[in-house]
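We begin with a single chain expressed as structure tokens, specifically the form predicted on its own.
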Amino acid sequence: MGLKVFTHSADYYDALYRNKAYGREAEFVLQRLKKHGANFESILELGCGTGAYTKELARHCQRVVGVDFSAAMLRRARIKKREWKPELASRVTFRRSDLRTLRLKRRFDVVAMLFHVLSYQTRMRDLQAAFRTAAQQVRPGGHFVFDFWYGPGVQQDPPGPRVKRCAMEAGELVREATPAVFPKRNLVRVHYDFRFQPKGPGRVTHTTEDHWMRYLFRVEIEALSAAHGFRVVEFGEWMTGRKPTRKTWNAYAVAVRE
């Protein structure tokens, strides 16, 4: 797993995803959990980034601990938290840690990994470590919910180059994404090129990052779950709940700790 990702891009992250429907997506996650009788008074969010999902989850539960390895992303999360209403902010704690080795003294009703965090675990030992952490941190009978890049969809419709322009208060950001697929390893490397043009005088800022992503298949998800004491109770297409097809790029699963 590339632990240096989101180092340079952290300052751009919220602007790039300002239109992402975090609230609606969090509600989708909670609906899936309710369907399976989950209690979610306490949630551990692995890979919380700048805290956008964390805030939405905290609206519906009493305690959320958000964990991320990127100090830059957590710095942004803590700055944003200062602007939240005190009651909401009091429910959230941010912590810097590697999700593969995280061990907290308490257990949670739910462990969540959202926005493809699982797909950033590119080696089998990384995936196993992520599931091991979830198994250690969720209470018996608790739930593990996560989404990921779905293998059949990626194989059917491989990613192509794309450009995203984003107006920011201080200037304009252009992000160019150039993917390369490595089918023998079930991996995609996305090379990001960030160019920021400030308003008025000033130098153009240029940074790059490589994000390696692993696409996953249902048989892998079920095997990893079973090996770590989970039973998959729902497997579907992200935000629709329908059965994934070969056109599905983003899938999710809900597993219960037995």
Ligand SMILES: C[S@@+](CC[C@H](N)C(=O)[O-])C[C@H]1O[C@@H](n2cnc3c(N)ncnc32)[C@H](O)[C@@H]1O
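From 1 onward, residues are counted along the sequence shown. All of these numbers come straight from a predicted model, not from anything done at the bench.
Not on display, but discussed next: the form predicted together with the ligand.
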**Asked** Hey, of 137-145, 157-165, 110-118, 182-190, which bit sits against the ligand in the predicted complex at 4.5 Å between non-hydrogen atoms?
**Response** 110-118
**Prompt:** Just to confirm, R100 within 4.5 Å of the ligand in the predicted complex by heavy atoms?
**Reply:** yes
**Request:** Would you please decide whether F196 lies within 4.5 angstroms of the ligand in the predicted complex, comparing each non-hydrogen atom pair?
**Result:** no
**Message:** I'd like to check something about S70: if you look in the predicted complex, is any of its heavy atoms closer than or equal to 4.5 Å to a heavy atom of the ligand?
**Reply:** yes
**Request:** Using a 4.5 Å heavy atom cut-off, state whether L57 contacts the ligand in the predicted complex.
**Result:** no
**Prompt:** Taking the ligand in the predicted complex, which residues along 22-52 bring a heavy atom to within 4.5 Å of it?
**Reply:** Y22, E45, G47, C48, G49
